[in-house]
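Take a look at this one chain, the form predicted alone, written out in structure tokens.
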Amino acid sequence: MTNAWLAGSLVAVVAGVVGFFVVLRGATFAAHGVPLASFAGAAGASVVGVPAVVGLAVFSPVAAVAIGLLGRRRRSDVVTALVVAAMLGLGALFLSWTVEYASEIYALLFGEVLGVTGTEVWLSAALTGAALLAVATLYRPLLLSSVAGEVAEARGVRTARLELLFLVLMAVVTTLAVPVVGTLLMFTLMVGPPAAARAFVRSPLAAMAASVGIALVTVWLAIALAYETTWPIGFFVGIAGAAWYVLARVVAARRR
């Protein structure tokens, strides 16, 4: 349980920070696609008998770079869909080669937060630090390109390179989070809390802090309720993420 709380908290922090830019840039499909594409890496790792995080660390950046290099600003959704389809097909092939099909696919899609080891906690902490450092370094150009892409280009920001770096950053977050919350639930944490935070506050830093706070509360409640009820943690994470967004929309509507 201690490892579950620690790993879940680390995932919530980095998902809240990176997810803020995912929502701001309208990159929710890519945020959904990169974790799903990494499914093939985790499945391949189970076949060769290495930790799933090794496969994630290889396949997530490959998927992110493919989306960044082959996509265009307005047609990146097509490339994202094709990369996801190819990776899911490859993952299905890898899973057909292992005898642990049912348990493996459940753990990869929905996570296994109560099975996190001490080693994975330390690895998660290292990746969280690297991701937060990258966001701090890229914060100003990333924020400018997210809200005013043409202005950013006029001021000398290489938006195409920045987009590629951001996709790689999402791959790092995926490597951190998939063993804990799974490919499907990572999308919930990277979209639900940040989207709700933007409706509550307007300042970028305040919205980012609110996003982290909402993600932390979501993960903590999900772990506690899953422990008390023996229901899947994914159910509580998914429902809470949607509930936060609905609440934020209601608050925004009352303000208007």
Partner chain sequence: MPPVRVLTVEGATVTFGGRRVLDGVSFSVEAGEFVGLIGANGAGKTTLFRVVLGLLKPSAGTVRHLGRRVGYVPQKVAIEPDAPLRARDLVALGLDGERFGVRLPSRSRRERVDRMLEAVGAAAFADARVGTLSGGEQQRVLIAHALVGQPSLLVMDEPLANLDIKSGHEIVELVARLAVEQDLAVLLSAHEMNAILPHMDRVVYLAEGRAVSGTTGEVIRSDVLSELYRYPVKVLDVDGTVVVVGGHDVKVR
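The structure presented is a predicted model; accordingly, all values stated were derived computationally and were not measured. Positions refer to the first chain, counted from 1.
Keep in mind that the form predicted in complex with its partner chain is not shown, yet the notes after this line are about it.
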- At 4.5 angstroms, heavy atoms only, are A136, P204 and R249 all close to its partner chain in the predicted bound form? yes
- Item | Heavy atom of V13 within 4.5 Å of its partner chain in the predicted bound form | no
- Message: My question is simply whether V147 lines the interface with its partner chain in the predicted bound form - judged by any non-hydrogen atom within 4.5 Å.
- Response: yes
- Item | Distance check, D77 to its partner chain in the predicted bound form, heavy atom within 4.5 Å | no
- At the 4.5 Å heavy atom threshold, is A81 in contact with its partner chain in the predicted bound form? no
- Message: Exactly one residue in A125, L93, A160, V151 has a non-hydrogen atom within 4.5 Å of its partner chain in the predicted bound form; which is it?
- Response: V151
- Message: Only one of V54, V62, A226, A199 gets a heavy atom within 4.5 Å of its partner chain in the predicted bound form. Which one?
- Response: A199
- Work out which of the listed stretches, 167-175, 81-89, 115-123, 151-159, brings a heavy atom within 4.5 angstroms of its partner chain in the predicted bound form. 151-159
